[in-house]
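A single chain comes next, written as structure tokens; it is the form predicted alone.
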């Protein structure tokens, strides 16, 4: 019997489907399809997009802000601290340096004789290679990378455009996710003008920083300090905590022949940081990072807008105080960062959770066969109310690919500070160049999984490591 539907039957089915879609997503919903969909365009997100597109996948990158770059751009954290890195960050640096938009800095106030602040100024005699080591490196030998945030946006946007495979959707907010079991089917997004779209993809990557996509899907997450009994970390508390690593709001200052004196905030602020991390950016402006401004927990308890408003007041009081120092007397406030500098939020429980034990073991004693990124920054938990953990490491450690796979999920990866790290481990590997490594790894892995039509945990990890250029010393027998 011929079961082929008639034209009338097909039309009825289509109308029913359209009615369902309109009721669920809104009458003007557009449906998009792609190989890889990435939510979040910060360091992990744009690196994932570059990695996936260069590996041959079609990509859609969704970003809530009006430009890419995340914390590095919108929070004015436009420097890469000393530490192990990968080839993609080097490529970005080389492109920026070629147009005079990046340089290498060193601390010109290491003895703190000028005041309680680091003064990281661009030093032309220093090289990028000197920035690639933090562990077991004397403090006075530390070098960092600084870049023009606007030029970073232009550079990574150009790199994505060159692939001809990536659609970037700015000022677009992720609002909903649909899953079938442990497989993501689609996400819903809303643009600035209110238009709604649904994106279907073979593989999804959460690069939102706060693991928003994973949380919408119901992935298991962690928040705050982990009890010692959970991971047996030497520095973990006996009981789980509620504190989070501190939050900052950076601001930019500029030289002036007649600098405006900063007025105090109204109402006044009585408590604010007395020191700062000061970084010169190409062109002569300086970025001040007051470090621990407010407890990280404020973000959870009071919400983003209230936390941002409080940090703006503190930043004004901080600059009023710093402006009295002769080092900054000829500078005036140019702008406050539009976005908070958030060090820690929700973290996903993945197929493997990186812990303090991994950091202390270093790559020499780790036994993971699937290392896809390296890092060597110190453990760095600070801020009021936090159980302070700080310690330099003896060498670099590896981050397994399994840290990027939310436990049990088939077509979902996470590449941001919300990846599968313990509270202590996250304080070390949350930095931009590490996120770039994780993003590139996730993007390349997603392209492989999409091409071979396999769950993300079943890709050829050895081939992934080869593509990423992971050194042989980091690879363990399988």
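Residue numbers count along the first chain shown, from 1. Bear in mind the structure is a predicted one, so any value in this text is a computation, not a measurement.
Beyond what is shown, the protein has a form predicted together with a small molecule; the following relates to that form.
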Sole residue of 131, 307, 289, 155 within 4.5 Å of the small molecule in the model of the complex, by heavy atom: 289
From 295, 341, 400, 224: within 4.5 Å of the small molecule in the model of the complex by heavy atoms is 341
is_contact(residue 212, the small molecule) in the model of the complex, heavy atom dist at most 4.5 Å: yes
Interface membership of residue 280, the small molecule in the model of the complex, 4.5 Å heavy atom rule: no
Considering non-hydrogen atoms and a 4.5 Å limit, does the small molecule approach residue 137 in the model of the complex? no
Could you tell me if residue 173 has a non-hydrogen atom within 4.5 Å of the small molecule in the model of the complex? yes
Please state whether all three residues 443, 465 and 468 have a non-hydrogen atom within 4.5 angstroms of the small molecule in the model of the complex. no
For the small molecule in the model of the complex, the stretch among 364 to 372, 254 to 262, 192 to 200, 76 to 84 with residues bearing a heavy atom within 4.5 Å is 76 to 84
